[in-house]
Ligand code: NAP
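The chain that follows stands alone, in the form predicted alone, written as structure tokens.
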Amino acid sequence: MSEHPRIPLAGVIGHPIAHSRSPALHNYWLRRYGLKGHYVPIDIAPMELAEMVQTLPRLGFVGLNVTIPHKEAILQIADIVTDRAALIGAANTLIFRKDGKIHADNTDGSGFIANLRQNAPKWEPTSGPAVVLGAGGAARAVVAALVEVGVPEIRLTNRTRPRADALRSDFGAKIHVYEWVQAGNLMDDAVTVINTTSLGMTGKLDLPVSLHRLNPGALVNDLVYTPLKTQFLIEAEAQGAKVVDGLGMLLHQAAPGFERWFGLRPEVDEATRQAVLSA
């Protein structure tokens, strides 16, 4: 009786996790490219994280996406952490290596930049300041990516200032921290404006930041993608800005993990977008 190779398994872990669109995305790619594999959501409570993650490779899992609240804690469990994941202080992608080691990476920043490049091809990040609203895990990935592509100045503001100050201490002199009440005044000559907070998401309050001083030629991005066009983006568009929603970041950050787990780099295109939106 011949031994059949295991069908690779991957998934996304979080707590809660039922809302995640990652299963719709990865399973669409598996069907599209005719690949063997399954991708499932797995709800793991924080106290069970280490035990469960170390068990999954024995069940045939080749890797995982990681979301809230495990993105920071997973670094303590991984055997190998990439430089960018260590700098950001969080991981969103795990690879279970054949030698038994758990490899942790963070693809949020590259996904963020790829989304902007795809949907705003004329964007020139080096031509002026960027404003980043928020200083959580997503903001850390965004700031790291903006520094990497050569943004000359990053104006950072957060509802609680100590988190913003901590981010500046990690990322250096390009980061200038401002009080949250000053957020609207930071827009004057900004080339890029990014909301990394959850404000504006369905079920949450709108983002209370004035865009009256926004440069009409600016690029405005909201990492929120439910709704797809937040009130923040509606107001930015009314000011003449180029707006980019947050769904593309979800799609692009997923592609490197899919390639490592299933052996093929998937295309992020309109068909992919519609498959996730219609799920």
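Keep in mind the model is a prediction, meaning the values are calculated, not measured. Counting begins at 1, following the sequence as shown.
Heads up, the form predicted together with the named molecule isn't pictured, but that's what we're talking about next.
Chemist: Against the named molecule in the predicted bound form, would Q118 count as a contact residue? Criterion: heavy atoms within 4.5 Å.
Modeler: No.
Chemist: If we define contact as a non-hydrogen atom of the residue within 4.5 angstroms of the partner, is G137 a contact of the named molecule in the predicted bound form?
Modeler: Looking in the predicted bound form, residue contacts with the named molecule include G137, since a heavy atom lies within 4.5 Å.
Chemist: Is L250 one of the residues lying within 4.5 Å of the named molecule in the predicted bound form, judged by heavy atom distances?
Modeler: Yes, L250 sits close enough to the named molecule in the predicted bound form that at least one of its heavy atoms falls within 4.5 Å.
Chemist: Taking the named molecule as it sits in the predicted bound form, is T160 near enough to touch it, meaning that at least one heavy atom pair lies within 4.5 angstroms?
Modeler: Yes, T160 lies within 4.5 Å of the named molecule in the predicted bound form.
Chemist: Heavy atoms within 4.5 Å of the named molecule in the predicted bound form: which stretch among 211-219, 229-237, 242-250, 39-47?
Modeler: Looking at the other structure, the answer is 242-250.
Chemist: In the predicted bound form, does each residue in the set I17, L64 and T93 place a non-hydrogen atom within 4.5 angstroms of the named molecule?
Modeler: Checked in the predicted bound form: no contact with the named molecule for any of the three.
Chemist: Looking at I74, A190, L199, A183, which has any heavy atom no more than 4.5 Å from the named molecule in the predicted bound form?
Modeler: Answer to the contact question: L199.
Chemist: Of 199-227, which residues get within 4.5 Å of the named molecule in the predicted bound form if you count heavy atoms?
Modeler: Counting only heavy atoms within 4.5 Å of the named molecule in the predicted bound form, the contacting residues of 199-227 are L199, M201, L223, V224, Y225.
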